[in-house]
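Okay, here we've got a single chain as structure tokens, the form predicted on its own, with questions on binding and movement later.
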């Protein structure tokens, strides 16, 4: 069950966030501050505040669903210092970028905000006006309105920050269960193939899943290359399977389980099924209790001569 929203605390955090961003921009600690602002439809969108006055446009509310870390890749050029706001899962995304050496930590000033749960923007937007206002003003929100990841989140407090706004949220034990994986593992290989074939045939190859994923941060994606051509440009079943299998294997051991790939999928494919399968396998095979939390050395990113699979190979 997701943590209960605390709208009053969120409002206080928004005011403190604006004040902190304004201070950082005024004294020159950062050249730009990455946060959220309210979009035309009322949903938060990414926003780079460049002046103390623009810091007043920053928002922090139950709908700041998406992680900001990957936007840092647009600021790689130059030496400017960037401010960024993160919650628990947002800091996992940021830590993923940092552990992959895709943005220098010394160019960041991180403002952390503990999280009490986030709502799915699309589901909230679909509510009748009165119901939506009631929920956003602090009314009881049904469990189905929360982001899926809130149900398994075990990192409500930022793991990377320079300044923390508000009090840390009490840690609550969360069972790292993978219910959909249990169903997959009960299938025969033939059934599993047909299952994924049926899912991925819906794909329109819009690349939204890749573009939103903090673990998909290569300088040049292999799926965009022409030489060597790993994948054709057609949308036949074999090419669709190749695309999703390559991407899943690429993020295996590095997925932070934010579920953003699944949330933004334009045709509603449950993309976390395969990612969760890999996470479960890594947890069991390598004894990693929290395989979605970035580590200095990932289980699939180290070499050891005592690895039993190397016997007779060296």
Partner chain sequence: MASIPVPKATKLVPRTGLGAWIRALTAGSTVMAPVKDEGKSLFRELEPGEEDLIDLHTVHTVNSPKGAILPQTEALLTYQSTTDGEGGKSLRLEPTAGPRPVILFGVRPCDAAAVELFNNVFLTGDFVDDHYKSRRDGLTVVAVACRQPAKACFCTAFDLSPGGERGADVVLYDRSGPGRGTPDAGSGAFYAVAYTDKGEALLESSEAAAAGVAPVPAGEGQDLGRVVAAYRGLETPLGAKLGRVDVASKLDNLFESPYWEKVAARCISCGTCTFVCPTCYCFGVADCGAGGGGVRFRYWDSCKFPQFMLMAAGHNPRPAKKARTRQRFMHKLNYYHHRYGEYLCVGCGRCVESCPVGLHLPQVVGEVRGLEQ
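Computed from a prediction, not measured in an experiment: that's the story for all the values here. Positions refer to the first chain, counted from 1.
The following text describes the form predicted together with its partner chain, which does not appear among the structures shown.
None of 125, 159, 164, 76 but one reaches within 4.5 angstroms of its partner chain in the model of the complex through a heavy atom, and that residue is 125. Contact check for residue 132: a non-hydrogen atom falls within 4.5 Å of its partner chain in the model of the complex.
Mapping the unseen interface onto this chain, residue 33 falls outside it, with no heavy atom inside 4.5 Å of its partner chain in the model of the complex. Within 4.5 Å of any heavy atom of its partner chain in the model of the complex lies no heavy atom of residue 28. At the 4.5 Å threshold, heavy atoms of residue 63 stay clear of its partner chain in the model of the complex, well away from it. This chain is displayed without its partner chain, yet in the model of the complex the stretch 209 to 217 from 141 to 149, 99 to 107, 209 to 217, 79 to 87 comes within 4.5 Å of it by heavy atoms. Applying a 4.5 Å heavy atom cutoff to its partner chain in the model of the complex picks out 224, 226, 233, 234, 235 from 218 to 235, in order along the sequence.
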